[in-house]
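Take a look at this single chain, the form predicted alone, given in C-alpha coordinates.
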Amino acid sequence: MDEIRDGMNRIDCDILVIGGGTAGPMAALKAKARNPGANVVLLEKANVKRSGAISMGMDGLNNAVIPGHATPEQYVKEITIANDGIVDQAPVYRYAQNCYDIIQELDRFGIRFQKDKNGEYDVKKVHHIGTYVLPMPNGETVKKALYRQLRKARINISNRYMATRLLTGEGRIAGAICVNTRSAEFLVIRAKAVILCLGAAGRLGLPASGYLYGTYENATNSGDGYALAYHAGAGLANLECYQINPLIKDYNGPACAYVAGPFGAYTANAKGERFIECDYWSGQMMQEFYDELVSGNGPVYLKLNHLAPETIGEIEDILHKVERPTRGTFQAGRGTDYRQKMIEMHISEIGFCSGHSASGVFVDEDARTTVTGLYAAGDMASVPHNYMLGAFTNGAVAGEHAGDWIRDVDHAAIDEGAIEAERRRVLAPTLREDGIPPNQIEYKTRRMVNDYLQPPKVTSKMELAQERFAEIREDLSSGMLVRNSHELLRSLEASSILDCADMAAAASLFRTESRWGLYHNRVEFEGRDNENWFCHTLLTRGRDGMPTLRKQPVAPYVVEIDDTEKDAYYRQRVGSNALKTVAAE
(Lines give C-alpha, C1' and ligand atoms only; values in the text may rest on other atoms or scores of the structure.)
Protein backbone atom coordinates (compact mmCIF):
# COMPACT_ATOMS: atom_id res chain seq x y z
CA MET A 1 0.00 0.00 0.00
CA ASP A 2 1.30 3.46 -0.96
CA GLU A 3 4.80 2.22 -1.71
CA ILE A 4 7.54 4.75 -1.06
CA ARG A 5 9.25 5.74 -4.30
CA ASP A 6 12.42 7.69 -4.89
CA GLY A 7 12.03 10.75 -7.07
CA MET A 8 12.11 14.51 -7.26
CA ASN A 9 10.55 16.88 -9.76
CA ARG A 10 10.75 20.65 -10.08
CA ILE A 11 8.36 23.26 -11.41
CA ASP A 12 8.24 27.05 -11.50
CA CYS A 13 5.15 29.18 -10.99
CA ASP A 14 4.33 32.78 -10.20
CA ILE A 15 1.98 32.23 -7.25
CA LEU A 16 1.76 29.08 -5.13
CA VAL A 17 -1.39 28.72 -3.03
CA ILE A 18 -1.11 26.00 -0.37
CA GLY A 19 -4.41 24.61 0.92
CA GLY A 20 -7.46 23.75 -1.15
CA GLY A 21 -10.24 24.21 1.42
CA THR A 22 -11.94 27.60 1.60
CA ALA A 23 -9.44 30.48 1.46
CA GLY A 24 -7.08 28.73 -0.98
CA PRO A 25 -9.44 28.32 -3.94
CA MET A 26 -10.66 31.90 -3.61
CA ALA A 27 -7.07 33.17 -3.39
CA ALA A 28 -6.17 31.25 -6.54
CA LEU A 29 -9.25 32.51 -8.41
CA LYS A 30 -8.63 36.13 -7.48
CA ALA A 31 -4.91 35.98 -8.23
CA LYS A 32 -5.64 34.62 -11.70
CA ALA A 33 -8.38 37.17 -12.34
CA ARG A 34 -6.12 40.02 -11.21
CA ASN A 35 -3.18 38.81 -13.30
CA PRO A 36 -4.44 36.54 -16.12
CA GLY A 37 -0.91 35.92 -17.39
CA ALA A 38 0.27 34.55 -14.04
CA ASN A 39 0.92 30.86 -13.52
CA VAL A 40 -1.07 30.05 -10.37
CA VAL A 41 -0.71 26.64 -8.70
CA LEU A 42 -3.13 25.41 -6.02
CA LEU A 43 -1.56 22.69 -3.85
CA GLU A 44 -3.64 20.34 -1.65
CA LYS A 45 -2.55 17.31 0.40
CA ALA A 46 -5.92 15.63 -0.27
CA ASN A 47 -8.19 16.50 -3.22
CA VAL A 48 -9.57 19.98 -3.79
CA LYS A 49 -12.94 18.52 -4.81
CA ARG A 50 -13.60 17.44 -1.23
CA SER A 51 -11.15 18.98 1.21
CA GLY A 52 -10.93 21.44 4.06
CA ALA A 53 -13.34 22.43 6.82
CA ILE A 54 -16.17 22.98 4.29
CA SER A 55 -15.79 19.57 2.67
CA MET A 56 -19.34 18.61 3.75
CA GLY A 57 -20.71 22.11 3.26
CA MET A 58 -21.74 24.79 5.74
CA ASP A 59 -25.05 25.65 7.37
CA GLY A 60 -24.61 29.40 7.21
CA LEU A 61 -22.44 32.49 7.43
CA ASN A 62 -21.68 33.68 10.97
CA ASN A 63 -20.35 37.10 10.05
CA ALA A 64 -22.16 38.53 7.02
CA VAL A 65 -21.94 42.33 7.04
CA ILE A 66 -24.91 43.19 4.82
CA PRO A 67 -26.10 46.77 4.23
CA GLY A 68 -29.29 47.49 6.11
CA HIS A 69 -28.46 44.94 8.80
CA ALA A 70 -25.01 46.06 9.97
CA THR A 71 -22.21 48.44 9.06
CA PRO A 72 -18.49 47.73 8.80
CA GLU A 73 -17.97 50.04 11.77
CA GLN A 74 -20.43 48.06 13.91
CA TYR A 75 -18.74 44.82 12.97
CA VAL A 76 -15.25 46.12 13.79
CA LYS A 77 -16.52 47.32 17.16
CA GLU A 78 -18.13 43.91 17.85
CA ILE A 79 -14.98 41.95 17.02
CA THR A 80 -12.74 44.33 18.97
CA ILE A 81 -14.84 44.00 22.12
CA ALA A 82 -15.17 40.22 21.71
CA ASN A 83 -11.37 39.91 21.56
CA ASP A 84 -10.69 42.02 24.62
CA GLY A 85 -9.32 44.88 22.55
CA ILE A 86 -6.24 42.99 21.29
CA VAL A 87 -7.06 43.52 17.61
CA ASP A 88 -5.40 45.26 14.70
CA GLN A 89 -8.58 46.71 13.30
CA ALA A 90 -7.38 47.45 9.76
CA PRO A 91 -7.63 43.81 8.54
CA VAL A 92 -11.00 43.40 10.28
CA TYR A 93 -12.29 46.59 8.68
CA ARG A 94 -10.99 45.48 5.28
CA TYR A 95 -12.94 42.25 5.70
CA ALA A 96 -16.10 44.06 6.76
CA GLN A 97 -15.93 46.33 3.72
CA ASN A 98 -15.35 43.51 1.22
CA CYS A 99 -17.42 40.59 2.46
CA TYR A 100 -20.75 41.70 0.96
CA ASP A 101 -19.23 41.63 -2.52
CA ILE A 102 -17.96 38.12 -1.80
CA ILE A 103 -21.45 37.00 -0.68
CA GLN A 104 -22.87 38.24 -3.97
CA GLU A 105 -20.11 36.50 -5.90
CA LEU A 106 -20.75 33.23 -4.07
CA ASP A 107 -24.43 33.65 -4.90
CA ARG A 108 -23.48 33.88 -8.58
CA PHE A 109 -21.45 30.68 -8.17
CA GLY A 110 -24.72 28.94 -7.26
CA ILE A 111 -24.27 28.93 -3.48
CA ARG A 112 -27.67 30.06 -2.29
CA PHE A 113 -28.35 32.11 0.83
CA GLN A 114 -31.69 32.29 2.59
CA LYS A 115 -33.91 35.18 1.52
CA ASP A 116 -37.12 36.60 2.92
CA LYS A 117 -40.43 37.12 1.11
CA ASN A 118 -39.12 40.36 -0.38
CA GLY A 119 -36.09 38.66 -1.89
CA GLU A 120 -33.69 40.23 0.60
CA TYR A 121 -31.06 38.27 2.54
CA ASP A 122 -32.75 36.79 5.63
CA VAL A 123 -30.14 37.73 8.22
CA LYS A 124 -30.53 36.52 11.82
CA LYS A 125 -29.35 38.18 15.03
CA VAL A 126 -26.96 36.45 17.46
CA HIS A 127 -24.26 39.07 18.07
CA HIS A 128 -24.60 41.97 20.48
CA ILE A 129 -24.43 44.97 18.16
CA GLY A 130 -25.26 44.07 14.55
CA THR A 131 -27.09 41.25 12.76
CA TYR A 132 -24.78 38.92 10.87
CA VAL A 133 -25.97 35.27 10.68
CA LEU A 134 -27.13 34.26 7.18
CA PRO A 135 -28.43 30.68 6.66
CA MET A 136 -27.48 28.67 3.55
CA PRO A 137 -30.32 26.37 2.40
CA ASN A 138 -28.09 24.47 -0.04
CA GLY A 139 -24.86 24.81 1.90
CA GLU A 140 -23.85 21.24 1.02
CA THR A 141 -23.08 22.43 -2.53
CA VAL A 142 -20.48 25.03 -1.58
CA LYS A 143 -17.44 22.89 -2.37
CA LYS A 144 -18.82 21.65 -5.68
CA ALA A 145 -19.63 25.20 -6.78
CA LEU A 146 -16.15 26.38 -5.81
CA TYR A 147 -14.47 23.54 -7.70
CA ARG A 148 -16.43 24.38 -10.86
CA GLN A 149 -15.03 27.90 -10.74
CA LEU A 150 -11.47 26.57 -10.39
CA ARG A 151 -11.87 24.41 -13.47
CA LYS A 152 -13.49 27.25 -15.39
CA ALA A 153 -10.56 29.56 -14.57
CA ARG A 154 -8.07 26.80 -15.56
CA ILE A 155 -6.25 26.95 -12.24
CA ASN A 156 -3.39 24.47 -12.08
CA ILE A 157 -4.29 22.05 -9.28
CA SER A 158 -1.79 19.67 -7.67
CA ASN A 159 -3.71 17.20 -5.51
CA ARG A 160 -2.07 14.77 -3.06
CA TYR A 161 0.98 16.95 -2.44
CA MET A 162 1.84 18.14 1.05
CA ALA A 163 4.17 21.10 1.58
CA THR A 164 6.77 20.19 4.22
CA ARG A 165 8.84 23.39 4.34
CA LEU A 166 8.83 26.79 2.67
CA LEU A 167 11.91 27.96 0.83
CA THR A 168 13.37 31.44 1.30
CA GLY A 169 16.15 33.32 -0.41
CA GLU A 170 17.39 36.90 -0.82
CA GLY A 171 15.33 37.87 2.25
CA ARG A 172 11.98 36.77 0.81
CA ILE A 173 9.88 33.76 -0.07
CA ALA A 174 11.22 31.48 -2.80
CA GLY A 175 8.85 28.50 -2.96
CA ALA A 176 8.16 25.23 -1.19
CA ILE A 177 9.30 21.64 -0.86
CA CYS A 178 6.43 19.15 -1.17
CA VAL A 179 5.97 15.39 -0.91
CA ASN A 180 3.39 13.24 -2.66
CA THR A 181 1.05 11.70 -0.09
CA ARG A 182 0.58 8.54 -2.18
CA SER A 183 4.10 7.89 -3.46
CA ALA A 184 6.47 9.98 -1.27
CA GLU A 185 8.03 11.51 -4.38
CA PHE A 186 9.26 15.07 -3.88
CA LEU A 187 8.27 18.21 -5.73
CA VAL A 188 10.21 21.48 -5.48
CA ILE A 189 8.12 24.48 -6.50
CA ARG A 190 9.76 27.83 -7.13
CA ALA A 191 7.33 30.70 -6.67
CA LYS A 192 7.50 34.47 -6.55
CA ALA A 193 4.72 34.54 -3.93
CA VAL A 194 3.21 31.92 -1.63
CA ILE A 195 -0.23 32.13 -0.01
CA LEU A 196 -0.78 29.87 3.02
CA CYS A 197 -4.39 28.72 3.46
CA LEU A 198 -4.05 25.52 5.50
CA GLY A 199 -6.75 26.03 8.09
CA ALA A 200 -6.77 25.65 11.86
CA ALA A 201 -4.58 23.56 14.12
CA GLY A 202 -7.48 21.26 14.85
CA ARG A 203 -5.53 18.25 16.13
CA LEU A 204 -3.70 19.96 18.99
CA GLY A 205 -5.64 18.82 22.03
CA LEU A 206 -7.12 15.33 22.32
CA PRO A 207 -10.93 14.96 22.36
CA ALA A 208 -12.54 13.42 25.43
CA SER A 209 -13.30 10.36 23.28
CA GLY A 210 -9.57 9.72 22.81
CA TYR A 211 -10.02 9.37 19.05
CA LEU A 212 -7.25 11.14 17.11
CA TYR A 213 -9.66 12.33 14.43
CA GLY A 214 -12.71 12.89 16.65
CA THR A 215 -11.98 16.60 16.81
CA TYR A 216 -14.21 19.67 16.86
CA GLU A 217 -12.31 21.15 13.92
CA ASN A 218 -11.77 19.35 10.63
CA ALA A 219 -9.30 16.63 11.58
CA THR A 220 -7.24 17.02 8.40
CA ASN A 221 -6.21 20.48 9.63
CA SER A 222 -3.24 19.47 11.74
CA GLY A 223 -1.50 22.83 12.13
CA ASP A 224 0.68 22.43 9.04
CA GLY A 225 0.26 26.09 8.07
CA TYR A 226 1.36 27.30 11.50
CA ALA A 227 4.44 25.06 11.30
CA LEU A 228 5.30 26.13 7.74
CA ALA A 229 5.12 29.81 8.68
CA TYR A 230 7.10 29.23 11.87
CA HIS A 231 9.99 27.46 10.15
CA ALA A 232 10.06 30.10 7.39
CA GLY A 233 10.64 32.82 10.00
CA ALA A 234 7.19 34.41 9.97
CA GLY A 235 5.66 35.89 13.10
CA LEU A 236 2.66 34.23 14.74
CA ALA A 237 0.34 36.24 16.97
CA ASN A 238 -1.41 35.49 20.27
CA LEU A 239 -0.98 31.71 20.27
CA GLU A 240 -1.86 31.71 23.96
CA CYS A 241 -5.41 32.66 22.90
CA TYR A 242 -6.65 29.12 22.38
CA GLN A 243 -9.70 28.00 20.49
CA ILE A 244 -12.16 26.29 22.87
CA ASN A 245 -15.74 25.80 21.79
CA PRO A 246 -19.01 24.45 23.18
CA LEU A 247 -19.90 21.14 21.57
CA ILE A 248 -22.39 18.30 21.82
CA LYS A 249 -21.32 15.94 24.59
CA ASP A 250 -19.51 12.92 23.09
CA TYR A 251 -19.94 14.23 19.53
CA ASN A 252 -17.21 16.00 17.59
CA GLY A 253 -19.25 19.00 16.59
CA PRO A 254 -21.11 22.05 17.86
CA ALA A 255 -24.64 22.03 19.19
CA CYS A 256 -24.92 25.27 17.17
CA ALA A 257 -26.59 27.55 19.70
CA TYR A 258 -25.73 30.43 17.36
CA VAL A 259 -27.85 28.77 14.63
CA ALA A 260 -30.72 27.79 16.93
CA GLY A 261 -30.61 31.05 18.93
CA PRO A 262 -32.48 33.21 16.40
CA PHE A 263 -35.35 30.68 16.58
CA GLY A 264 -35.56 31.05 20.37
CA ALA A 265 -33.16 28.35 21.62
CA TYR A 266 -30.55 29.19 24.23
CA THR A 267 -27.79 27.75 26.43
CA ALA A 268 -29.12 26.61 29.81
CA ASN A 269 -27.96 24.86 32.96
CA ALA A 270 -29.37 21.59 34.31
CA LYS A 271 -32.30 23.49 35.82
CA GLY A 272 -33.25 24.77 32.38
CA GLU A 273 -32.22 28.32 33.36
CA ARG A 274 -30.55 30.68 30.92
CA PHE A 275 -27.31 31.94 32.45
CA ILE A 276 -25.61 33.87 29.62
CA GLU A 277 -27.15 36.69 27.61
CA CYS A 278 -25.63 35.78 24.24
CA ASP A 279 -24.45 32.60 22.56
CA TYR A 280 -21.91 34.31 20.31
CA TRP A 281 -18.49 32.75 20.89
CA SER A 282 -15.88 34.53 22.92
CA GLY A 283 -13.36 33.55 25.56
CA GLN A 284 -15.47 35.03 28.31
CA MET A 285 -18.57 33.21 27.06
CA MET A 286 -16.56 29.99 27.33
CA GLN A 287 -15.45 30.98 30.84
CA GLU A 288 -19.07 31.39 31.91
CA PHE A 289 -19.89 28.08 30.21
CA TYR A 290 -17.01 26.34 32.03
CA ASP A 291 -17.93 27.86 35.40
CA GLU A 292 -21.54 26.66 35.05
CA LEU A 293 -20.41 23.24 33.83
CA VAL A 294 -18.27 22.54 36.90
CA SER A 295 -20.69 24.12 39.36
CA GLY A 296 -23.64 22.53 41.08
CA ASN A 297 -25.79 23.79 38.21
CA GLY A 298 -24.08 21.62 35.59
CA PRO A 299 -24.19 20.01 33.12
CA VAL A 300 -24.86 22.63 30.45
CA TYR A 301 -27.44 22.15 27.71
CA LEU A 302 -28.84 23.66 24.54
CA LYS A 303 -32.52 24.17 25.29
CA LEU A 304 -35.04 23.77 22.45
CA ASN A 305 -37.86 21.81 24.11
CA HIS A 306 -39.82 24.97 24.90
CA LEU A 307 -40.19 25.77 21.19
CA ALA A 308 -43.08 24.94 18.87
CA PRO A 309 -42.65 21.59 17.03
CA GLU A 310 -42.61 23.30 13.62
CA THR A 311 -39.81 25.61 14.80
CA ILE A 312 -37.76 22.64 15.99
CA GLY A 313 -38.36 20.98 12.63
CA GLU A 314 -36.91 24.03 10.88
CA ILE A 315 -33.84 23.91 13.13
CA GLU A 316 -33.42 20.20 12.38
CA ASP A 317 -33.54 20.90 8.65
CA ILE A 318 -30.53 23.18 9.08
CA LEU A 319 -28.48 21.21 11.61
CA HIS A 320 -29.02 17.65 10.36
CA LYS A 321 -28.50 18.07 6.61
CA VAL A 322 -25.46 20.30 6.13
CA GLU A 323 -21.87 20.38 7.43
CA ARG A 324 -22.26 17.45 9.90
CA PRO A 325 -25.16 15.23 8.76
CA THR A 326 -24.28 12.66 11.43
CA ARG A 327 -25.49 15.08 14.09
CA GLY A 328 -29.09 13.90 13.77
CA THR A 329 -28.06 10.24 13.65
CA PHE A 330 -26.06 10.69 16.85
CA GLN A 331 -28.96 12.33 18.67
CA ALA A 332 -31.36 9.61 17.52
CA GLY A 333 -28.98 6.93 18.79
CA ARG A 334 -28.72 8.70 22.13
CA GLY A 335 -32.49 8.99 22.34
CA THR A 336 -32.50 12.79 22.38
CA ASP A 337 -35.70 14.20 20.90
CA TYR A 338 -35.33 17.99 20.81
CA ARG A 339 -39.06 18.30 21.50
CA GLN A 340 -38.69 16.45 24.79
CA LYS A 341 -35.10 16.81 26.01
CA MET A 342 -32.37 19.40 26.15
CA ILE A 343 -29.10 18.64 24.30
CA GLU A 344 -26.21 17.97 26.67
CA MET A 345 -23.13 20.06 25.85
CA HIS A 346 -19.48 20.09 26.88
CA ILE A 347 -16.30 21.96 25.95
CA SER A 348 -13.96 21.01 23.14
CA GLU A 349 -10.26 20.26 23.18
CA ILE A 350 -7.91 23.22 22.59
CA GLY A 351 -6.62 24.33 19.20
CA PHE A 352 -5.39 27.31 17.22
CA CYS A 353 -7.98 28.94 14.99
CA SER A 354 -8.51 32.58 14.15
CA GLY A 355 -11.89 31.54 12.76
CA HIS A 356 -13.12 31.09 16.32
CA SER A 357 -10.60 33.10 18.39
CA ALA A 358 -7.54 35.22 17.58
CA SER A 359 -4.47 32.99 17.25
CA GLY A 360 -2.78 32.86 13.87
CA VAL A 361 0.01 33.87 11.53
CA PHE A 362 0.39 37.63 11.87
CA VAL A 363 -0.93 39.48 8.79
CA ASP A 364 -1.74 43.05 7.78
CA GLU A 365 -4.79 44.32 5.90
CA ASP A 366 -3.34 42.96 2.62
CA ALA A 367 -2.90 39.48 4.16
CA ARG A 368 0.90 39.88 4.11
CA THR A 369 2.94 38.08 6.76
CA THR A 370 6.24 39.33 8.19
CA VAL A 371 8.12 37.44 5.42
CA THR A 372 8.21 39.32 2.11
CA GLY A 373 6.18 37.55 -0.56
CA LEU A 374 4.43 35.27 1.94
CA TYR A 375 0.69 35.69 2.57
CA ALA A 376 -1.77 33.90 4.87
CA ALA A 377 -5.56 33.72 4.93
CA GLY A 378 -8.39 31.77 6.52
CA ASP A 379 -8.40 30.05 9.89
CA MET A 380 -4.61 30.18 10.17
CA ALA A 381 -4.25 33.96 9.73
CA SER A 382 -4.53 36.42 12.61
CA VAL A 383 -7.74 38.20 11.54
CA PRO A 384 -9.98 37.21 14.47
CA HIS A 385 -13.35 35.47 14.11
CA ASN A 386 -12.85 34.78 10.39
CA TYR A 387 -15.23 31.85 9.95
CA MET A 388 -15.96 30.66 6.40
CA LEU A 389 -16.82 34.05 4.93
CA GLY A 390 -13.63 35.51 6.37
CA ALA A 391 -11.64 32.74 4.69
CA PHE A 392 -13.25 33.52 1.35
CA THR A 393 -12.88 37.29 1.75
CA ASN A 394 -9.32 37.39 3.07
CA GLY A 395 -8.29 34.72 0.58
CA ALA A 396 -9.51 37.10 -2.11
CA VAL A 397 -7.52 39.96 -0.56
CA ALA A 398 -4.36 37.83 -0.54
CA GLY A 399 -4.84 36.64 -4.11
CA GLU A 400 -5.42 40.11 -5.51
CA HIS A 401 -2.45 41.63 -3.72
CA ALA A 402 -0.15 38.77 -4.74
CA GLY A 403 -1.37 39.03 -8.32
CA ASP A 404 -0.18 42.63 -8.42
CA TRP A 405 3.00 42.13 -6.38
CA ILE A 406 4.53 39.41 -8.58
CA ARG A 407 4.50 41.68 -11.66
CA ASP A 408 7.65 43.46 -10.51
CA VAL A 409 9.71 40.60 -9.04
CA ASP A 410 11.55 37.56 -10.28
CA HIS A 411 12.13 34.23 -8.54
CA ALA A 412 14.45 34.39 -5.55
CA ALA A 413 17.50 32.16 -5.45
CA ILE A 414 17.01 28.79 -3.74
CA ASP A 415 19.48 27.13 -1.39
CA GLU A 416 20.03 23.63 -2.79
CA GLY A 417 21.46 22.56 0.54
CA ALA A 418 18.16 23.36 2.23
CA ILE A 419 16.33 21.13 -0.23
CA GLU A 420 18.61 18.17 0.44
CA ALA A 421 18.48 18.70 4.20
CA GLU A 422 14.68 18.71 4.11
CA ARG A 423 14.61 15.56 2.00
CA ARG A 424 16.79 13.79 4.56
CA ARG A 425 14.56 14.98 7.43
CA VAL A 426 11.35 13.81 5.80
CA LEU A 427 12.66 10.41 4.76
CA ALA A 428 14.63 9.59 7.92
CA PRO A 429 11.76 7.59 9.52
CA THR A 430 11.47 5.44 6.37
CA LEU A 431 15.05 4.16 6.75
CA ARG A 432 14.52 2.50 10.12
CA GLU A 433 13.65 -1.16 10.58
CA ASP A 434 11.92 -0.67 13.93
CA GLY A 435 10.55 2.22 15.92
CA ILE A 436 7.47 4.15 17.08
CA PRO A 437 4.54 4.58 14.65
CA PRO A 438 3.46 8.18 13.92
CA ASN A 439 0.03 7.69 15.52
CA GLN A 440 1.67 6.90 18.87
CA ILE A 441 3.86 10.02 18.65
CA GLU A 442 0.77 12.09 17.90
CA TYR A 443 -1.31 10.50 20.66
CA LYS A 444 1.36 11.10 23.27
CA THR A 445 1.81 14.74 22.21
CA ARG A 446 -1.88 15.46 22.40
CA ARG A 447 -2.30 13.67 25.73
CA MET A 448 0.43 15.90 27.15
CA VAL A 449 -1.35 18.93 25.68
CA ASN A 450 -4.50 17.94 27.57
CA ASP A 451 -2.65 17.14 30.78
CA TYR A 452 -0.56 20.31 30.93
CA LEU A 453 -1.92 23.05 28.63
CA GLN A 454 -5.71 22.79 28.92
CA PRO A 455 -7.07 25.84 30.80
CA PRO A 456 -7.19 26.90 33.54
CA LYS A 457 -3.43 27.24 32.93
CA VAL A 458 -0.85 26.58 35.63
CA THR A 459 2.79 27.70 35.23
CA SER A 460 4.39 24.56 36.63
CA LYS A 461 2.23 22.37 34.41
CA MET A 462 3.20 24.31 31.29
CA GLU A 463 6.87 24.05 32.20
CA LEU A 464 6.43 20.29 32.58
CA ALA A 465 4.76 20.29 29.17
CA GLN A 466 7.89 21.77 27.63
CA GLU A 467 9.99 19.00 29.18
CA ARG A 468 7.62 16.31 27.90
CA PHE A 469 7.51 17.85 24.43
CA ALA A 470 11.32 17.83 24.28
CA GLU A 471 11.27 14.11 25.08
CA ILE A 472 8.66 13.48 22.38
CA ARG A 473 10.71 15.48 19.88
CA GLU A 474 13.65 13.19 20.53
CA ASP A 475 11.42 10.19 19.86
CA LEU A 476 10.10 11.82 16.71
CA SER A 477 13.56 12.75 15.43
CA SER A 478 15.39 9.51 16.17
CA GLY A 479 12.83 6.80 16.84
CA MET A 480 9.76 7.28 14.64
CA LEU A 481 9.12 4.52 12.07
CA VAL A 482 7.36 4.99 8.72
CA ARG A 483 6.48 2.01 6.52
CA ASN A 484 4.55 3.56 3.63
CA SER A 485 3.69 6.95 2.15
CA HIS A 486 0.43 7.19 4.11
CA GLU A 487 2.35 6.87 7.37
CA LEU A 488 4.81 9.43 5.98
CA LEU A 489 1.93 11.89 5.70
CA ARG A 490 0.94 11.12 9.29
CA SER A 491 4.52 11.55 10.48
CA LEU A 492 4.66 15.02 8.95
CA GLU A 493 1.36 15.92 10.58
CA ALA A 494 2.69 14.65 13.92
CA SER A 495 5.68 16.97 13.51
CA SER A 496 3.38 19.95 12.85
CA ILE A 497 1.27 19.10 15.90
CA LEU A 498 4.37 18.97 18.10
CA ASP A 499 5.54 22.33 16.73
CA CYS A 500 2.15 23.81 17.61
CA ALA A 501 2.29 22.30 21.11
CA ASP A 502 5.70 23.92 21.69
CA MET A 503 4.36 27.25 20.48
CA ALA A 504 1.23 27.01 22.65
CA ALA A 505 3.29 26.40 25.79
CA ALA A 506 5.82 29.14 25.05
CA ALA A 507 3.18 31.76 24.23
CA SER A 508 1.09 30.90 27.30
CA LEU A 509 4.09 31.20 29.60
CA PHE A 510 5.10 34.52 28.04
CA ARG A 511 1.85 36.40 28.71
CA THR A 512 1.81 36.78 32.51
CA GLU A 513 -1.83 37.76 32.94
CA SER A 514 -5.28 36.28 32.37
CA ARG A 515 -7.14 37.46 29.24
CA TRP A 516 -9.81 36.27 26.80
CA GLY A 517 -11.78 34.46 29.49
CA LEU A 518 -11.13 30.72 29.44
CA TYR A 519 -8.80 30.93 26.43
CA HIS A 520 -5.93 32.27 28.53
CA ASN A 521 -6.97 31.81 32.13
CA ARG A 522 -3.71 31.64 34.16
CA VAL A 523 -4.56 30.82 37.74
CA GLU A 524 -1.52 32.61 39.23
CA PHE A 525 -2.37 35.85 37.39
CA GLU A 526 -5.93 36.87 38.14
CA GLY A 527 -7.42 39.35 35.71
CA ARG A 528 -6.00 41.53 32.98
CA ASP A 529 -2.92 43.72 33.20
CA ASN A 530 -3.57 46.37 30.56
CA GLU A 531 -0.61 48.45 31.64
CA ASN A 532 1.87 45.74 30.65
CA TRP A 533 -0.05 43.39 28.36
CA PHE A 534 -2.38 45.40 26.16
CA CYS A 535 -0.47 44.12 23.15
CA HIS A 536 -0.09 41.20 20.81
CA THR A 537 2.48 38.54 21.56
CA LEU A 538 4.53 37.79 18.46
CA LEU A 539 6.24 34.40 18.30
CA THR A 540 9.06 33.54 15.89
CA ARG A 541 11.55 30.73 15.54
CA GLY A 542 14.74 31.43 17.47
CA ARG A 543 18.28 30.56 16.42
CA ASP A 544 18.12 27.47 18.62
CA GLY A 545 15.07 26.27 16.69
CA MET A 546 12.71 26.95 19.58
CA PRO A 547 10.04 29.66 19.96
CA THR A 548 11.05 33.17 20.97
CA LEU A 549 8.54 35.89 21.85
CA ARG A 550 8.20 39.64 21.99
CA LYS A 551 5.45 42.19 22.49
CA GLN A 552 3.84 43.73 19.39
CA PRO A 553 1.87 46.96 19.92
CA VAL A 554 -1.80 47.00 18.96
CA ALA A 555 -2.15 49.29 15.94
CA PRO A 556 -4.19 52.48 16.39
CA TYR A 557 -7.90 51.80 16.14
CA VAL A 558 -9.85 52.63 13.00
CA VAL A 559 -13.12 52.53 14.96
CA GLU A 560 -12.97 53.94 18.48
CA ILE A 561 -14.42 51.96 21.37
CA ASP A 562 -16.10 53.79 24.22
CA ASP A 563 -14.81 53.00 27.72
CA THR A 564 -18.29 51.86 28.77
CA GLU A 565 -18.29 49.23 26.02
CA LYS A 566 -14.86 47.68 26.41
CA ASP A 567 -15.82 45.21 29.13
CA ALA A 568 -19.17 44.17 27.68
CA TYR A 569 -18.10 40.59 27.12
CA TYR A 570 -17.02 40.34 30.76
CA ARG A 571 -20.61 40.91 31.89
CA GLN A 572 -22.46 38.15 30.09
CA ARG A 573 -24.31 36.70 33.05
CA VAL A 574 -28.08 37.07 32.84
CA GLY A 575 -29.09 40.26 34.60
CA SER A 576 -26.10 42.30 33.47
CA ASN A 577 -26.82 45.66 31.82
CA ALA A 578 -23.55 45.86 29.90
CA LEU A 579 -24.66 43.90 26.86
CA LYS A 580 -27.95 45.72 26.68
CA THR A 581 -26.08 49.03 26.64
CA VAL A 582 -23.89 47.93 23.72
CA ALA A 583 -26.75 46.31 21.82
CA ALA A 584 -28.80 49.50 22.00
CA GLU A 585 -26.41 51.33 19.67
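In this text the structure is predicted, and so the values were computed from the model without any measurement. Numbers for residues come from their place in the sequence shown, where the first is 1.
One more form of this protein exists, namely the form predicted together with a small molecule; it is left out here, but the text below deals with it.
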item: Candidate from 338, 161, 290, 405 lying within 4.5 Å of the small molecule in the predicted complex - any heavy atom; value: 161
item: Single option in 230, 75, 216, 469 placed near the small molecule in the predicted complex, where near means a heavy atom within 4.5 Å; value: 216
item: Segment that reaches the small molecule in the predicted complex - one of 450 to 458, 204 to 212, 383 to 391, 412 to 420, heavy atoms within 4.5 Å; value: 383 to 391
item: Proximity of residue 261 to the small molecule in the predicted complex, heavy atoms at 4.5 Å; value: no
item: Contact label in the predicted complex: residue 491 to the small molecule, heavy atom within 4.5 Å; value: no
item: Proximity of residue 220 to the small molecule in the predicted complex, heavy atoms at 4.5 Å; value: yes
item: Residue 349, heavy atom within 4.5 angstroms of the small molecule in the predicted complex; value: no
item: The small molecule in the predicted complex: contacted by all of 438, 497 and 505, heavy atom 4.5 Å; value: no
